[in-house]
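In structure tokens, the next block holds one chain alone, the form predicted on its own.
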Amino acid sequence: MNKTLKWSNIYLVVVFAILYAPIVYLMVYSFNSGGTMHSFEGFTLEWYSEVFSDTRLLIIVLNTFVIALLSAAISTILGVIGALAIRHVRRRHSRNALMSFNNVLIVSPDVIIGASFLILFTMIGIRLGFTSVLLSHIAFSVPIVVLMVLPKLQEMSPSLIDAARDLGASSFDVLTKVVLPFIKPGIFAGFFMALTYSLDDFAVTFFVTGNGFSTLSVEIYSRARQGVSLSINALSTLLFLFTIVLVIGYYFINRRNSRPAAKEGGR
């Protein structure tokens, strides 16, 4: 038993080492004064100061976060509504069909999704830029929110809703005071997942972005094609650290929300 546990631990260490070694390598050389990724000559913050002194890059960062926050907020609202609608479908076959349609955007390749949105926006006359990127991010984030919220709805006992209605609660009161508080962990999970997906997306954004508007992922790709620059390392490091902060924030929020539920379950 101990031997098996030891080998499983070694396996996990090796897997995580392979996954994180390139990221660590990128982060270390973002402090290299030599200007290359071949030999580390000394510690410097020059590449970070170059990132923060680039006005165009700061505007792109602002665009990225505005798109991510707006798409996450709107997709969370739409995803919660969609999950509630799917939950209230009585027929099992209809519910499964709706879930299958919901999962299409998740399992479809990003290239196909991006090309489809590009054709759609061109046909209906939407100019490629802020609006097209926002609509695309909302579209592929909504199914993710539905998948995060729906399990919490399935965990909720129908007796809670029946009890609230027996006590005279209106439909709005049932929704706001019973259902939404119960599924709040799923809502937070969906919001943070949508936010992370929006920040990291490249393939879909590459198709639907236009001249004069860009996001961090597209900008990093464009700069990487022009040649190796350690400012790309610095920019990528900052983006990775921000993602880590989001994950840690979600962990603590989820942990704080799970404590009251555990206490109620213990009673």
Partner chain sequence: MKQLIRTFSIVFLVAFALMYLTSYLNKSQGYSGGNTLTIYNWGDYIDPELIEQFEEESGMKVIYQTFDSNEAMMTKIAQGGTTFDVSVPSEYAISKMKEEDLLLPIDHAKLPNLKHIDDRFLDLSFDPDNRYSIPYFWGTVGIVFNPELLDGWQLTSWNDLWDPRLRNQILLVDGAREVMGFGLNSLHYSLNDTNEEHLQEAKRKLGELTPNVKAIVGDEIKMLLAGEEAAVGVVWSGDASEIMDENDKLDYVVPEEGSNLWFDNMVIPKTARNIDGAHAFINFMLDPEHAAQNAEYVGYSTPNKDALALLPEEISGDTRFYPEDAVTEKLEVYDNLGKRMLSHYNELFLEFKMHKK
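The structure presented is a predicted model; accordingly, all values stated were derived computationally and were not measured. Think of the rigid core as the biggest set of C-alphas that the two forms share within 1.5 Å after superposition. Residue numbers count along the first chain shown, from 1.
There is another form of the same protein, the form predicted in complex with the partner chain; it is not shown, and what comes next is about it.
**Q** Taking heavy atoms only, is L167 within 4.5 angstroms of the partner chain in the model of the complex?
**A** No - in the model of the complex, heavy atoms of L167 and the partner chain never come within 4.5 Å of each other.
**Q** Is there any non-hydrogen atom of F207 lying within 4.5 Å of the partner chain in the model of the complex?
**A** Contact with the partner chain, yes.
**Q** Is it the case that S159, even though its partner is missing from this view, gets within 4.5 Å of the partner chain in the model of the complex, heavy atoms only?
**A** Flag for S159 set to no.
**Q** In the model of the complex, is there a heavy atom of the partner chain that lies within 4.5 Å of any heavy atom of T176, even though the partner is absent here?
**A** Contact check for T176: yes, within 4.5 Å of the partner chain in the model of the complex.
**Q** Along 102 to 131, which positions have a non-hydrogen atom within 4.5 Å of the partner chain in the model of the complex?
**A** Counting only heavy atoms within 4.5 Å of the partner chain in the model of the complex, the contacting residues of 102 to 131 are L118, I119, T122, R127, L128, F130.
**Q** Does F202 shift between the shown form and the other one by 2 angstroms or more at the C-alpha, the core having been superposed?
**A** No, because once the rigid core is superposed, the C-alpha of F202 moves less than 2 Å between the shown form and the other one.
**Q** Is F242 among the residues whose Cα moves by 2 Å or more between the shown form and the other one after superposition of the rigid core?
**A** Yes, the C-alpha moves 2 Å or more.
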